[in-house]
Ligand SMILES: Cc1cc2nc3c(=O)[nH]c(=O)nc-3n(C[C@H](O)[C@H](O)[C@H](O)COP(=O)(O)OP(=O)(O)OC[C@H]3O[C@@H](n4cnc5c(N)ncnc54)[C@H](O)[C@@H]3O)c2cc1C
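First comes one chain, alone, set out as structure tokens in the form predicted alone.
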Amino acid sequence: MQKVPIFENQPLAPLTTWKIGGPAQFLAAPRDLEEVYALMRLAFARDWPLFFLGRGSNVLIADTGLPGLTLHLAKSLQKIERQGETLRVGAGVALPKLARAAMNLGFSGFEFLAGIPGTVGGAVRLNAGADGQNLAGLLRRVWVATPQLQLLEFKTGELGLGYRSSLLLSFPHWLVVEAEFALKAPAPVAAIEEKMRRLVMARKARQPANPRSCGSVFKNPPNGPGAGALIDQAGFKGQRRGEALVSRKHANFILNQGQATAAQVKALISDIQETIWLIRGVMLQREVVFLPEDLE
């Protein structure tokens, strides 16, 4: 196996959708599972903290960056392989790419993924969803690599999948490496493509045009209005901390208007949580992951 290059003090902000965050102490981009394991062994041997970064949505990296080793997986684990009535997919595959792969095979049910900017690995961990659907309805099995270099297999029923939650969130140092999805709704390719186009257009119409966001910042509370409505009703649309701005189009989005810092975004998130708690008695739960804090 060719040795994987490891780069020191590498900027991480360009690798995230928010374009925010400090450098990685060490950064490597493995190409396949063998290289992932080699790097995990190295981190374990040197007692380095280990972080995984896909396409960089749904995360806020601290201004001080990340200690230890960060594996950038956006171009690795790219397998897409049909096996009978299932699709085996690497964790690094972008969700829109998965949606199009299913479409090209003539299977519906994956269209809602076309507008979600993450990867399969992150989406499985969070049970990502949109337009009233989520991955739980498609998922069959998941394979996970642990820091002890085990390869664990979980069936869907063992993952505790709920709204933006799964068992995997309790094990942030486990890496989803592959997932298996059911192909169960044959449909004409043209019909699937048209549905996908409509969903993507509707998503763009209700979300801010500025791509420098993490996606939804907060989970919707289990009862009552959604997070965006609560934040809007509390008067936060257009409010800012530095160059971090609550979107005027959809209040559950915080935008980087230029050189926003993680500290500014965190302050805005805290302001929103405190205000909603005081006026509505609802504690909004973050959907966005803070790195490294949420893994420590």
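Numbers for residues come from their place in the sequence shown, where the first is 1. Given the structure is predicted, the values throughout are model-derived calculations rather than measurements.
The discussion below concerns the form predicted together with this ligand, not included here.
### Message
So if I measure heavy atom distances to this ligand in the predicted complex, which of the stretches 123 to 131, 183 to 191, 152 to 160, 102 to 110 falls within 4.5 Å?
### Response
Residues of 123 to 131 come within 4.5 Å of the partner.
### Message
My question is simply whether A28 lines the interface with this ligand in the predicted complex - judged by any non-hydrogen atom within 4.5 Å.
### Response
No, no contact at 4.5 Å.
### Query
Does this ligand come within 4.5 Å of any heavy atom of A43 in the predicted complex?
Contact with this ligand, no.
### Query
At the 4.5 Å heavy atom threshold, is S57 in contact with this ligand in the predicted complex?
S57: yes, in contact with this ligand in the predicted complex.
#### Entry: this ligand contact in the predicted complex: R203, any heavy atom under 4.5 Å
Flag for R203 set to yes.
### Query
Among Q207, S76, N220, S166, which has any heavy atom within 4.5 Å of this ligand in the predicted complex?
Of Q207, S76, N220, S166, the residue with a heavy atom within 4.5 Å of this ligand in the predicted complex is Q207.
### Query
Which residue, L138, C214, L199, L87, has a heavy atom that falls within 4.5 Å of this ligand in the predicted complex?
Among L138, C214, L199, L87, a heavy atom within 4.5 Å of this ligand in the predicted complex occurs only for C214.
#### Entry: Output flag, L53, G118 and V176 jointly within 4.5 Å of this ligand in the predicted complex, heavy atom basis
All of them do, each having a heavy atom within 4.5 Å of the partner.
### Sequence-ordered residues of 6 to 23 touching this ligand in the predicted complex, heavy atom within 4.5 Å
Heavy-atom contacts to this ligand in the predicted complex: only T17.
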